[in-house]
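So this first bit is one chain, no partners, the form predicted alone, shown in structure tokens.
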Amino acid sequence: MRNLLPILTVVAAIFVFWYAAAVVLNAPWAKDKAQRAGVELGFSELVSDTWSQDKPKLPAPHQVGAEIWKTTGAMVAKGRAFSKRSLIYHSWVTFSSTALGFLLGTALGIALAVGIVYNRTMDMSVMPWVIASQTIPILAIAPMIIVVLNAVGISGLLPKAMISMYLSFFPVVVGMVKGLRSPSGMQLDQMRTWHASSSQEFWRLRLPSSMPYLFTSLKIAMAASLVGAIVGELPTGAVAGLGARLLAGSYYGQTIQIWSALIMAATLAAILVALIGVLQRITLKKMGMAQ
């Protein structure tokens, strides 16, 4: 309970600030309506109006919660969890490209990291390009990736996964390079005294030593992959996915829909990162490594 208290305090502070910000940002519209109707708003009426507008500048938390329930729990209760109006359906679409991009990015990141650690030429030539690749804004490169892949007849899930991969491979490369180089000189010398081959050194020493670094990088990569999937849905004019919900909400001024999609994306990211954390604890425990 003592560990939960700081978290609950921060959450409560966020909600207080959110409700207060909703009053401040939505008040001009409420006052304008009252002025045109020739009505004077008291403080309680003003607060009530700012927390119940159909298209507020900033929706109140309970409005976002109601929208999420309407598009998730209520849909499940009606047996329409994968209806196109359901956030569960849109989350699944985004998750599909996120998962594929994450797997591709992880595989590419590990392969590059191994090459960089074991090949000096790659270390001197590839690593600077890996770092430079992350200076290109994803919003600029995403449309180019989609256009190029569409030109060769590739559309659908793969272009969005490629954008996810572009964002997710970088933390894996950096983390794995650090992890593979983490064994001390004494440990490496000991492997040589045992006449261990390069492959034995890799599988028995370098790879196990890199596991804590790898899982930390995977958590960052998963969050980045989700961002890439959502960004990839924007320039394609997608009709499904959390990015599509954000785009549709912005087109029609549905701020409540936008915020519900944002909260759902954050929840999905938290779940995926938590799953990696569970896998990390299980793996490190089986390897006999300290948490």
Partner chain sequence: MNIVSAQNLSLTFQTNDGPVHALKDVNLDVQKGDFVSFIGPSGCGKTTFLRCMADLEHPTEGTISVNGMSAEDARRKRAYGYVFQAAGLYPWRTIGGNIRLPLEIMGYDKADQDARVSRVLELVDLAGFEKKFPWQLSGGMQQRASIARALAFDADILLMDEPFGALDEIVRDHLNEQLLHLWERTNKTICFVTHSIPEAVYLSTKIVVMSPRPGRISDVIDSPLPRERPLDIRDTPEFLEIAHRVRDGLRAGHGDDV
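Residue numbers count along the first chain shown, from 1. On a predicted model such as this, the values are computed, not experimentally measured, just so you know.
One more form of this protein should be noted, the form predicted in complex with the partner chain, which is absent from this view; the next part is about it.
#### Entry: Interface stretch in the predicted bound form with the partner chain - options 206-214, 88-96, 164-172, 108-116, non-hydrogen atom within 4.5 Å
Single hit among the candidates: 206-214.
### Task
State yes or no: in the predicted bound form, is some non-hydrogen atom of S83 no more than 4.5 angstroms from a non-hydrogen atom of the partner chain?
No, no contact at 4.5 Å.
### Task
May I ask you to state whether A196 is within 4.5 Å of the partner chain in the predicted bound form, using heavy atom distances?
Answer yes; at least one heavy atom of A196 falls within 4.5 Å of the partner chain in the predicted bound form.
### Task
Tell me, yes or no, whether Q187 is in contact with the partner chain in the predicted bound form, where a contact means a heavy atom of each within 4.5 Å.
Yes, Q187 lies within 4.5 Å of the partner chain in the predicted bound form.
### in the predicted bound form, M191 touching the partner chain (heavy atom, 4.5 Å)
Contact with the partner chain, yes.
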